[in-house]
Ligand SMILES: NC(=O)c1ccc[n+]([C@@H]2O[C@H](COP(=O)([O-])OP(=O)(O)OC[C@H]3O[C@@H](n4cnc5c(N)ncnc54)[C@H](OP(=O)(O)O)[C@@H]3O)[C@@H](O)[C@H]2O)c1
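Read the single chain below, which is given as structure tokens and is the form predicted alone.
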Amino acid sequence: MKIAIIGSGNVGGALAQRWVAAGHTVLVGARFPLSEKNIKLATIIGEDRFTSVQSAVQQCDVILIATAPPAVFDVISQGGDFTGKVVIDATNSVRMAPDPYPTVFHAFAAKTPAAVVKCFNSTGFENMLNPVYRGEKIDMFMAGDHTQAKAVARTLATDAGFGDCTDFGGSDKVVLLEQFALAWINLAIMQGMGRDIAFRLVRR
């Protein structure tokens, strides 16, 4: 796949590394492609993968959003035409929503023609870099109404090394999935368990 990653912080950087290793074409769209943060990631995945937000969006079929939620409006305006694109919302708006929308998912669904799916928001970036615990792959989770977008998210989750990508449901479950992410944050940080914890769905 051709994947544009908008947001080169911990989550975007971790997934960029995983998807490059899996053989996908990855471009990182940034307002300042040669910033100190981007140069650090470029030493790992290559400087040629960095470009402007608009260039990354227009060259790719899948767009991962890993920015701060309020930045979504800049991404939409800079990205240009999102027709035919699959947008994966990997953000969490539990502390700062992109007003007046409850989540980045809802902002993209309202303001662009993209097929939007919520995914890659429910665990820490360390688990994205290494989603294996004692030989067992942890799980990822997704929500949204678009079947194709969900299929893309599931493929990219398994390509990143996750065991499965469990479907939380439709767009009405997007906020619930963000609250699920807050449960991980609560255990890992607020309850002091540390960031090396993860979720895996098991069946009897």
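Counting begins at 1, following the sequence as shown. Treat the numbers as computed from the prediction; the structure is a model and nothing was measured.
If you look for the form predicted together with the named molecule, you will not find it shown, but the lines that follow are about it.
- In the model of the complex, H146 stays away from the named molecule, with no heavy atom inside 4.5 Å.
- Remark: I6 counts among the residues lining the named molecule in the model of the complex, judged by a heavy atom distance of 4.5 Å or less.
- Although the partner is absent here, F125 lies within 4.5 Å of the named molecule in the model of the complex, judged by heavy atoms.
- Mapping the unseen interface onto this chain, A188 falls outside it, with no heavy atom inside 4.5 Å of the named molecule in the model of the complex.
- The candidate site formed by T103, R154 and S171 is entirely out of contact with the named molecule in the model of the complex, as no residue has a non-hydrogen atom within 4.5 angstroms of it.
- Only one of the listed residues (A66, I63, V26, M142) places a non-hydrogen atom within 4.5 angstroms of the named molecule in the model of the complex, and that residue is A66.
- Of all the residues from 78 to 110, those having a non-hydrogen atom no more than 4.5 Å from the named molecule in the model of the complex are A90, T91, N92.
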